[in-house]
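The chain below stands alone and is given in structure tokens; this is the form predicted alone.
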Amino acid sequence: MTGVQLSFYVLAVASVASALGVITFKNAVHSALSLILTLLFLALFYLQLGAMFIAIVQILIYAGAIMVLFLFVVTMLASEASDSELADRIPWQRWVAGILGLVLVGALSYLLFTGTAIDSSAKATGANSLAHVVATQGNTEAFGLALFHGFAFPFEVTSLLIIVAILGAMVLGRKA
């Protein structure tokens, strides 16, 4: 038995077990987490087949975006077991979150004001043109290079804004 066959069988058993968890868990959050695990195992199957782009899209779109949105909706609409405010179990957590938030703002400000993100996105001229990259490497590679090299900073800023919008919607939508 080769390593590829062994990893396929391990992934198959894990996929079936997590898929059974989706339909057997009574808690909707546990079921959604099991579905995320199933989608991640499916992405590993795609990696075994050599379909890197499909695996990355599987993780980013389905496991990353849609299921996280679904988890937010489930936790927002689920009736809370205790409506009373509990005491803060980790009192230092707010201080750590504040410090990490300041570090994030500082790092993004540094990148914005030093022009590092602008310099990393090369001009599309000559050998760096999109047509040349597509001709030499293919469409998928050109898309990946453009997204993660030329537009990495706008991509990260957009994801940060989406997370802030989701958190803001959760705070505004909470029951008093």
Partner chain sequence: MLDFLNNAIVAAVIKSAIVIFALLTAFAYMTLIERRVVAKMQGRLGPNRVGPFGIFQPVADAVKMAFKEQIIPTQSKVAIYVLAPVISVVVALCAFAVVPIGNSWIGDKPSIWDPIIGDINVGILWILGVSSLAVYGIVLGGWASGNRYSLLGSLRSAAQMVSYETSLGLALSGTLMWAGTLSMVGIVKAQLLYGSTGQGIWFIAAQPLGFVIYMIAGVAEVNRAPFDLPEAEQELTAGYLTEYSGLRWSLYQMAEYINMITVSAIASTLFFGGWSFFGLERIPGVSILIFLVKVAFFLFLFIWLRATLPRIRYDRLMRLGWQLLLPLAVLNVVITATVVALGWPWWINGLAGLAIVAGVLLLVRSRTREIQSGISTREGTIPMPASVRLARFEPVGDGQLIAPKKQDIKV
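Positions refer to the first chain, counted from 1. Only a predicted model underlies this, so the values are computations on that prediction, with no experimental measurement involved.
Just so you know, the form predicted in complex with its partner chain exists too; it's not on screen, but the next bit is about it.
Just one of Ile36, Ala142, Ala43, Leu111 comes within 4.5 Å of its partner chain in the predicted bound form, counting any heavy atom, and that one is Ile36. Among the residues Leu147, Ala107, Leu49, Val68, the one placing a heavy atom within 4.5 Å of its partner chain in the predicted bound form is Val68. Taken together, Pro154, Val157 and Ala169 are entirely out of contact with its partner chain in the predicted bound form: none brings a heavy atom within 4.5 Å.
A residue is said to contact a partner when one of its heavy atoms sits within 4.5 Å of a partner heavy atom; Leu102 fails this definition for its partner chain in the predicted bound form, lying far away.
Interface residue remark: Ala97 is not counted as part of the site for its partner chain in the predicted bound form, having no heavy atom within 4.5 Å. Its partner chain is not drawn, but in the predicted bound form it has a heavy atom within 4.5 Å of Thr75.
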